[in-house]
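This document starts with one chain, in the form predicted on its own, laid out as structure tokens.
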């Protein structure tokens, strides 16, 4: 992670909320995302594991409000909002998440004696590396490939949730949806006057 501080110090995309940069639909969508908390879909143990997985996949900078990406993943599962595609080796996303979290926790118990959210940071990292490399071995995975679940559900859904929230936008100077104002200066090293100014590379 970058230890030199934020690239866009003092920038807060929510300052654009009541400006011509955002329309009413954008305001409603973002306001709703910011009020989400969980769990609504996941059980308490699944929720604790999901939160720990989020902390590993998208570690967050200290000293600022956390991005509640676990709540957005939970909301997606609660509404069963699908991507429109899935690998044939995975079941539907709800079943994949239920089975995936159960298998992760079983794998952790077999190797380390506790559920994923009960492990040390080093143990969690090693377990995720096993999933990424396809070396998970617990029978709890059944016919669902751990490597495919890791890449196509776990990382995909958590990263998408993280970058759907304003606190993550602040990190990269993103101004939010381009409606109704839009973006005009789209060439390299060009910026519209209402965009954030980067302080360092």
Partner chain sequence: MTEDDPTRVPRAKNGRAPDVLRVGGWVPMRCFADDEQVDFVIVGTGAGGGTLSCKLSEYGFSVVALDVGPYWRPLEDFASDEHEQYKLYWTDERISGGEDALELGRNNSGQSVGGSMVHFAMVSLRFRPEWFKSRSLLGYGVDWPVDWREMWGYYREVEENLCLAGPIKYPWGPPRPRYPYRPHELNAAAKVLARGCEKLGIKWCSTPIATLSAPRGLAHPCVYRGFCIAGCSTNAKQSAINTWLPRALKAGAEIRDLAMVGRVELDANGRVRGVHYHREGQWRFQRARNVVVAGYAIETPRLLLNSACPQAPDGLANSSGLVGKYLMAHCNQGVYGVFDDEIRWYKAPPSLSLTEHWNYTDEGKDFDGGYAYMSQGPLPVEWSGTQTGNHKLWGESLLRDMERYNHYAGLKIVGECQAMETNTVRLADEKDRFGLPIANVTFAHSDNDKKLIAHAKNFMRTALEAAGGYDIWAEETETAHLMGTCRMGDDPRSSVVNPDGRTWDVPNLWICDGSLFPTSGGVNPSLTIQAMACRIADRIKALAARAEV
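Positions refer to the first chain, counted from 1. Think of the rigid core as the biggest set of C-alphas that the two forms share within 1.5 Å after superposition. Just so you know, these numbers come straight off a predicted model, no measurement behind them.
What comes next is about the form predicted in complex with the partner chain, which is not displayed.
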{"item": "Residue contact check: residue 83 to the partner chain in the predicted complex, 4.5 Å heavy atom", "value": "yes"}
{"item": "Partner contact for residue 96 in the predicted complex: the partner chain, 4.5 angstroms, heavy atom", "value": "no"}
{"item": "Non-hydrogen atom contact residue 23 with the partner chain in the predicted complex at 4.5 angstroms", "value": "yes"}
{"item": "Heavy atom of residue 171 within 4.5 Å of the partner chain in the predicted complex", "value": "yes"}
{"item": "Of 140, 34, 160, 144, the one that lies within 4.5 Å of the partner chain in the predicted complex (heavy atoms)", "value": "160"}
{"item": "Contact set, 120-139 vs the partner chain in the predicted complex - heavy atom within 4.5 angstroms", "value": "125, 128, 129, 132"}
{"item": "Core-aligned C-alpha movement of residue 25 between this form and the one not shown reaching 2 Å", "value": "no"}
{"item": "Residue 16: Cα shift of 2 Å or greater between this form and the one not shown (core-aligned)", "value": "no"}
